[in-house]
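The chain below stands alone and is given in structure tokens; this is the form predicted alone.
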């Protein structure tokens, strides 16, 4: 009854109201003034509780709560009627309070951390504009920005020309590259599918990112057709082992088509010998993809770019500026040396309703057909604005600072009783074991490691519940030896 009265009042107030199926079509969808006020107040909370507290070491990394407790605190249920703005603002406050503060100086748990204010503002802008990057007509600025950023990244790789696209993550970049390499090897797969193919085989290191197995599974190649190449004591792929496995695959009657090298492995931060691997790829006619999602940012440092020596010989590269360079998640690029339109040939579906060829502008700027996505975020913009603000020298300083901090941490670990460094770091990954006093005089053996295995999870639980810091622990190369892996961000202090 009340709804009917409201509609009647609306119709009386607006003589030209259009009513269809009980819906007033030319009435307001929402109260814009109230909405603007809510945005203003929510932004104030974000400013006070997230941005201003980002570098405050007295704040907790996370106000830890068990899942069932947190469900009650947050009141996650959706109801038939909307909540008041006051309650929604409280929910915003609660979400911030109980979330992990990845910009906190004591957050060490992942391969990203810290806050970049320019990138953050860029994200605010793109979220407010809500663009989708597929055609120039709907996203003119962001398409030009993406083109500019890709050209600059290609320049740092050392290619004279190339192509590329920003996508949802390093895992997706690796999948793109795998599919692109397969398309290059046998273009008919796009129309005929898997049935006409031989048994395809790809090669990657034991220390590669797990996305390689996922991509092989998703693309129908199969995880059994991923040959994992042995690594040395530092976690680098051994070229001689790669050569052996390529020859083995050929003798088995398989069809090798791809080698994925890693520049900055997730655990040890190892860089595969790209030049030697490229020699093998050239010899056997294999596509070389370099997963530099983590280590790619070292290219910007004149001091540390040597870590990726030989990357210019790759056919494709994955590089995530949201990691070392703090561009903000997500900001990931797949870069391709081929400039003949291979990306578009591989992924194009030629949707006539979207990619019309008779537009009044140069349709080569409609880049959406290079992507497996339709809707796509303008992720390059946050990297571009940050790069404009800091310049290349500012980005270089971030890389150099992160690696200098890692070096400092290593020297401090060496001075402290009970800490055992796993190996001298090559990048920003510092891996070590903490040996509690009760085990320090115990003989190295199965019983020692069994007891030590129980230490890391307990310490991590205590730290997370205390909320003062977060450290990662991961098994090394299939063993169950748990160690501390601290990944240094450019904004970590030395306290």
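Positions refer to the first chain, counted from 1. This is a predicted model, so every value here is computed, not measured.
Note that the form predicted in complex with a further copy of the same chain isn't included here; everything after this is about it.
Colleague: Is there a heavy atom of residue 461 lying 4.5 Å or less from a heavy atom of a further copy of the same chain in the predicted complex?
Modeller: Yes, residue 461 is a contact residue.
Colleague: Decide whether residue 140 counts as a contact residue for a further copy of the same chain in the predicted complex under a heavy atom distance cut-off of 4.5 Å.
Modeller: Contact with a further copy of the same chain, yes.
Colleague: Can you tell me if residue 64 lies within 4.5 angstroms of a further copy of the same chain in the predicted complex, counting non-hydrogen atoms only?
Modeller: Residue 64: contacts a further copy of the same chain in the predicted complex.
Colleague: Though only this chain appears here, would residue 449 touch a further copy of the same chain in the predicted complex if you measure heavy atom gaps against 4.5 Å?
Modeller: Flag for residue 449 set to no.
Colleague: Which of 396-404, 281-289, 310-318, 235-243 has heavy atoms within 4.5 Å of a further copy of the same chain in the predicted complex?
Modeller: That would be stretch 396-404.
Colleague: Consider the chain as shown here, without its partner, and state which of 418, 158, 168, 341 has a heavy atom within 4.5 Å of a further copy of the same chain in the predicted complex.
Modeller: Only one option qualifies, and that one is 168.
Colleague: Which residue, 154, 413, 92, 181, is the contact with a further copy of the same chain in the predicted complex, using a 4.5 Å heavy atom cutoff?
Modeller: In short, 92.
Colleague: From first to last in sequence, which residues of 363-378 have any non-hydrogen atom within 4.5 angstroms of a further copy of the same chain in the predicted complex?
Modeller: In sequence order, 365, 368, 369, 371, 372, 373, 374, 375, 376, 377 come within 4.5 Å of the partner.
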